[in-house]
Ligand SMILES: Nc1ncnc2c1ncn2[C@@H]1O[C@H](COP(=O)(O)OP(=O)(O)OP(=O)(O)O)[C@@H](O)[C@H]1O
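One chain comes next, on its own, written as structure tokens: the form predicted alone.
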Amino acid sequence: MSLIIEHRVHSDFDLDKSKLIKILENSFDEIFVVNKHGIVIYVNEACQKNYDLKPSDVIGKTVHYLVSEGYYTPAIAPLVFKTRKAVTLEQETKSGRKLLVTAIPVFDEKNELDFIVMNSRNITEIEQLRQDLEKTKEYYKTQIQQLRQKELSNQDGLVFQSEKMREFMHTAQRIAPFDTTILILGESGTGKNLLAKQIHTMSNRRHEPYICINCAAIPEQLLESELFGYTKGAFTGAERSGKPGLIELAHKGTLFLDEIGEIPLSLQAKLLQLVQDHTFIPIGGTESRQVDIRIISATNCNLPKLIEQGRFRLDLYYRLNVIEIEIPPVRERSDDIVLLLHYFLNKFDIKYSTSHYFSEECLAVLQNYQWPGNVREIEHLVERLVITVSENCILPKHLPLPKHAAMPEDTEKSPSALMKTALNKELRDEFTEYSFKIKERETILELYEELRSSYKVASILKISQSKVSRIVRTYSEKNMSNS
């Protein structure tokens, strides 16, 4: 019984010529066979959809004839005859279809080439899909690029996610609609000018002029004429006509005085009049002019110290300091560092048509750096990396390590750094290094108790703000726990 079943199974799997032909005719791919003389001896029904020819129109024709008639190009059979190896290439037919053809040589018992079997697949639709995909990718790339550029222009550089900056910006947003005078404090590079512009944008004067002048960038002899303008004949060269100053150009808008601590003492009385009653007299003029402006000023200087030194008027300080805002340095808002790095990387990749990303190790190094130059230093470093790093991935080895290895903690341990403190020479000579540190710590805590600002304490003692913050935080917590 088992023998009968086995015989039936074998008979079911016996393939005669008719069945083999049926299999070949129902193949989705074209099966194209050429003998050793280059004559087509078989082709299945798929050739009709590739060449618009019936198999009977092709069988018996030579490869040379089909190519010369332009039915397809290039010819693949001659390559196989020459190399005696399988060959794969793309062909284009007379009807415009694209075929991916693989030709395999078949040898007889004497290792002579007997015939070539070619398998052709119509890839016209696949090619069209690929082109459509490329177009779609290019479209979305353009859209993403536009969105990224729009996002960059909207943020205007004020990028943050830390809770400290959220509270800070909430305060700025709350005071923006009021025309009160604002003094912005903060270390160099923290974005004081960006904040001033943002306050103007959030104010009721947003559609009026925003005039910014850097008091430290203009020579003293030119600053007065730039600010207040001059009348005809006020000085040599002013005979033809007068010139309005930046104050007058800011009428109905906002005047931002950056680096206000650098303004000469000789101009401070005139500026005081402007802040008090919004009037001024141009150089060479005899009559006061009234302007409707909001004044925002900024400095990284210690104005109380300048007042003590007689370099800044106390009355002007009080007029400018109606509302004081102190921008925290980057090292005090570490949550923003990675965000800022990616923001500027995105910005400069767009600008220079490049593509970069930070490795995890690189981000760890940059997060641990103290950034004494704040946001400006981050911006300049990222631009440098985008330009100089040819690879896509930015690694720690690409960083200017000597610059980034010098942390404030290393600096504060050196005797030369300690000697920069404002403690007098008698104290330095009297105490040992240990007692000197204790006295320094006591001085920092006493000043902080009085001023309530780590920035002001650091400016007076000429030490890093992070050191002041750390000592205040550490010893205040110890005092609290001891009590």
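All of these numbers come straight from a predicted model, not from anything done at the bench. Residue numbers run from 1 along the displayed sequence.
Form predicted in complex with this ligand: not shown, discussed below.
- Only one of 70-78, 172-180, 186-194, 364-372 places residue heavy atoms within 4.5 angstroms of this ligand in the predicted bound form, namely 186-194.
- Remark: Asn300 counts among the residues lining this ligand in the predicted bound form, judged by a heavy atom distance of 4.5 Å or less.
- This ligand in the predicted bound form comes within 4.5 Å of no heavy atom belonging to His278.
- This ligand is not shown here, but in the predicted bound form it comes within 4.5 Å of a heavy atom of Leu158.
- Using a 4.5 angstroms threshold between heavy atoms, Val101 stays clear of this ligand in the predicted bound form.
- In terms of contact with this ligand in the predicted bound form, the residue from Ile283, Leu340, Leu316, Ala250 that brings a heavy atom within 4.5 Å is Leu340.
- Between this ligand and the residues Phe312, Tyr230, Phe358, Phe344, the one pair within 4.5 Å by heavy atoms in the predicted bound form involves Phe344.
- Within 4.5 angstroms of this ligand in the predicted bound form, the stretch 372-388 places a non-hydrogen atom from each of Val375, Arg376, Glu379, taken in sequence order.
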